[in-house]
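Here you get one chain, nothing else, as structure tokens; it is the form predicted on its own.
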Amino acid sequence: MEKRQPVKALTIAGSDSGGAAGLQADLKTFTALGVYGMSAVTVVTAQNSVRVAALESMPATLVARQIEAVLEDYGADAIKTGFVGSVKLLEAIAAVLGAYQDNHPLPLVVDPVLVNHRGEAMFDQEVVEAYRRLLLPRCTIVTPNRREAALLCGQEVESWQDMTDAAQRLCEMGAGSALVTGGWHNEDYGDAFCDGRDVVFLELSHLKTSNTHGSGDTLSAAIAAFLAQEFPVLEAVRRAQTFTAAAIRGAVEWHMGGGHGPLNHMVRSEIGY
């Protein structure tokens, strides 16, 4: 009997003890979209819907060894990065991924987690510069929200024109493509996608709900899942947006915790994927 392998994706991200964001959201997304999920833990947090009570970064050597152990045996069809949080970890991750990608080209999704839920910068400029220098030139797509795009580009990102400029600038900085999320164009809500040349507005429905914790992680993980299944980048983005919107919509009636609640990742049957 011929031995078969599932499509596989690796997330390099932090652990959210509440299960809403981080690698937990990534692994739920991978499973919902029919992809076998693997993980390398960068940071362990004690958190819930209201606050992060404690945080402990993993040693850079351990993070690197996790990635190496997965890739040298299982391999991967796509990789995504999430919360990293330090220059040392970014350097370790970039070194391992660089060595692997040189011999095994595969999609890399970079979700540059640089701000908190209030849009405030969490790290110093050295971390931002490390993303620019180490991960942007290797990624298939980078998926910042407007505040993160502003930090990466060193410019204000408020208007639709700002988002367009930022998406183009990120590609000029080395990203294969860029998706700047969470903006308005005329009266419509959506994201700016640049393929390295042109920018298009991807319209989304805007739901009024506080259950959005982990939506950025879910979006980037879904993009990685669809890239692992060999969809073109723009198609992967559109499908990922559909899945993320369905996961948000599926949790609108949930009442979990006293803050920003999680998404409902158990919605695969509703979107036909």
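One-based numbering along the sequence shown. Model, not experiment: these values are computed from the prediction.
Separately, the form predicted together with a small molecule exists; it is not shown, and the next lines address it.
Participant: Of the listed stretches (43-51, 57-65, 237-245, 220-228), which one has a non-hydrogen atom within 4.5 Å of the small molecule in the model of the complex?
Facilitator: Comparing against the small molecule in the model of the complex, the contact stretch is 43-51.
Participant: Hey, in the model of the complex, is residue 262 touching the small molecule, heavy atoms inside 4.5 Å?
Facilitator: Residue 262 lies outside the contact set for the small molecule.
Participant: Using heavy atoms and a 4.5 Å limit, would one call residue 83 a contact residue for the small molecule in the model of the complex?
Facilitator: It does: once the small molecule is placed as it appears in the model of the complex, residue 83 has a heavy atom within 4.5 Å of it.
Participant: Mark residue 251 yes when one of its heavy atoms lies within 4.5 Å of a heavy atom of the small molecule in the model of the complex, and no otherwise.
Facilitator: Residue 251 lies outside the contact set for the small molecule.
Participant: Applying a 4.5 Å heavy atom distance criterion, does residue 113 contact the small molecule in the model of the complex?
Facilitator: So residue 113 counts as contacting the small molecule.
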